[in-house]
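Shown below, as structure tokens, is a lone chain in the form predicted alone; questions about how it binds or moves come after it.
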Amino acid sequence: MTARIEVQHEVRRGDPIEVRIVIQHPMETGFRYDSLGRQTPRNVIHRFECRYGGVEVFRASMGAGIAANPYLKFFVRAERSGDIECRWVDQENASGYASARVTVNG
């Protein structure tokens, strides 16, 4: 699984940091059938978490109602320079990771 994460790389202490991430994943619901009439196995990202400076700041549980290639957007408050690290796991236990560095001034 690949992903693209976007954050503002330099922010002032106390300002909000907007985190945007797109994860390339089919988010298969298990309701579709292939050309031979076989049901496509369900496989969705079921756990997503984000850490900033090693501390969990955001968590999401996803289900079959989320579209393919999920896009998430959330905010964290700038406290110190560090990495914003996002990790996720799908129902086949495949996992992914994306990170971005933030420098806090002032």
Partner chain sequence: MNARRRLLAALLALLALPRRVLAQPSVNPAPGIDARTLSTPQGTLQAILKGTEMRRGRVRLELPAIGENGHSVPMTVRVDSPMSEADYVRRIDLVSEKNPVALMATFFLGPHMSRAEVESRVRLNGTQRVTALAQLSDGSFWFDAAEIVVNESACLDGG
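Predicted model, so just to flag it, every value in this text is computed and none were measured. Residue numbers count along the first chain shown, from 1.
Another form exists, predicted together with its partner chain; not displayed. Remarks below refer to it.
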{"property": "Non-hydrogen atom contact G54 with its partner chain in the predicted bound form at 4.5 angstroms", "result": "no"}
{"property": "4.5 angstroms heavy atom contact with its partner chain in the predicted bound form for S61", "result": "yes"}
{"property": "4.5 Å heavy atom contact, N69 to its partner chain in the predicted bound form", "result": "yes"}
{"property": "In the predicted bound form, P26 touching its partner chain (heavy atom, 4.5 Å)", "result": "yes"}
{"property": "Interface residues of 73 to 90 toward its partner chain, as seen in the predicted bound form [heavy atoms, 4.5 Å]", "result": "K73, F74, F75, V76, R77, E79"}
